[in-house]
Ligand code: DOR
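The data below hold one chain only, encoded as structure tokens and taken in the form predicted alone.
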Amino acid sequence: MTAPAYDAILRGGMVHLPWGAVATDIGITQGRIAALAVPAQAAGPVLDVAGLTVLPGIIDPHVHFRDPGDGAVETLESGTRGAVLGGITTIFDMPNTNPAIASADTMALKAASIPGRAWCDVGFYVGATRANTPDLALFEQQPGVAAIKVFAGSSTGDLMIEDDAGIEAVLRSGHRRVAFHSEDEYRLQARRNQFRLGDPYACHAEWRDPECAILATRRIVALATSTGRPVHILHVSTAQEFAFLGACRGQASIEVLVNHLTQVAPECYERLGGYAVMNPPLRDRAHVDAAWAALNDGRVDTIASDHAPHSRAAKERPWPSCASGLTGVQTLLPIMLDHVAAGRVSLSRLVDAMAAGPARLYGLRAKGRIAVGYDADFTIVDLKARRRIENAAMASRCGWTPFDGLMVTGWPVITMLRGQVVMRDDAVLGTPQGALVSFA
């Protein structure tokens, strides 16, 4: 019998398959996984990954790459470069760009911007507005669209729909899961005058308090239930929301950010100042503990970075005039691997929430697991590597990370996109090969 031949063979790694971690080899043909347990006599270029752990390509389902818009702080090229350096093979980009991705023309502009510029594969959100609500059922079916995104609070211009009637209209236009930034705009505005320019940065968490989050989330889930539309609550950050959403699993799913698992108030504000300001805010230990409980008991569906770069000048202004948003796409996986090393979460649960979960939730085709027929996207990590996260290593044009100086255990050493090595040992290789992803 003739020995099989492959375009590439991964040999010697511990591979995280959907049914568990197995020491096996992987054969790749035409960018897809062609075989597991590849025989020794098989032909093809071999990538030796002995001593390393092979994960399915990690997905960051929530980034803001500012493209089109503010190229001084980020572009699609620099953002996806940071992604593959961090072991990410697919990202979903948010619509609050300039112009916003909220029309047929801007959707076409977004899709056309990806070939030749993106280092990883890309999906994107379409922003809901009052004007485009009747068209959302059509927009959500277009190539590359991950979901419709609704800003129920904390946005500007047309990209905010804060009232029940407007949200209900969005939920009745289409059928796919709708993603929400869930903060109650009415409570935010009513309490704004309680604070003054120059107040401590920790006031950010006081203004955007847990009540602000749970009020909006309860309203959104009630509307989702009445319309029969599934919703995804992004960056859930409060104990109250985790408890409430745990009882709504058929209707609502949960995203948690690495920040809300890692950074604890008030210490983060005292140490970082404006570099700790994001929406929803970083919260105290009780809420961080609730996020960990929700992750480890299965309530959390996806983990994301909410990568949102700003210039240093914008972050260093006094509160509340400083910009809200933190960088994170390049550090998402290293920090979560460090949590694995510390015993806070299992590697299998990490894979479920950072690969299988996003693929399942958004209907991503042929990604999120290592199985025959799936894209040969792999995040290959050294679980024992000790590294320091540093500003100087960040690919983001803004040039900073809130985790500067943090020592972590566990590091991505190879990123493979559809069978091609695009990052190895902290070096991005070749030319950008990222493409628009497909959804079911």
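Fair warning: this is a prediction, and the values are worked out from it, not measured in the lab. Residue indices: 1-based, along the sequence shown.
Although it is not shown, the form predicted together with this ligand is what the next lines describe.
For the options 124, 119, 362, 151, the residue carrying a heavy atom within 4.5 angstroms of this ligand in the model of the complex is 151. With the partner removed from view, the residue among 241, 93, 306, 74 that has a non-hydrogen atom within 4.5 Å of this ligand in the model of the complex turns out to be 306. None of the heavy atoms of residue 335 is located within 4.5 Å of this ligand in the model of the complex. Under a 4.5 angstroms non-hydrogen atom cutoff, this ligand in the model of the complex lacks residue 263 among its neighbouring residues.
Though the partner is left out of this view, residue 299 does not reach within 4.5 Å of this ligand in the model of the complex, counting heavy atoms only.
Interface membership of residue 278, defined by any non-hydrogen atom within 4.5 Å of this ligand in the model of the complex, is confirmed. Per the 4.5 Å heavy atom criterion, this ligand in the model of the complex is contacted by stretch 318-326, the sole one of 318-326, 169-177, 219-227, 102-110.
Shown without its partner, the chain has 64, 66 in segment 57-74 as residues with a non-hydrogen atom within 4.5 angstroms of this ligand in the model of the complex.
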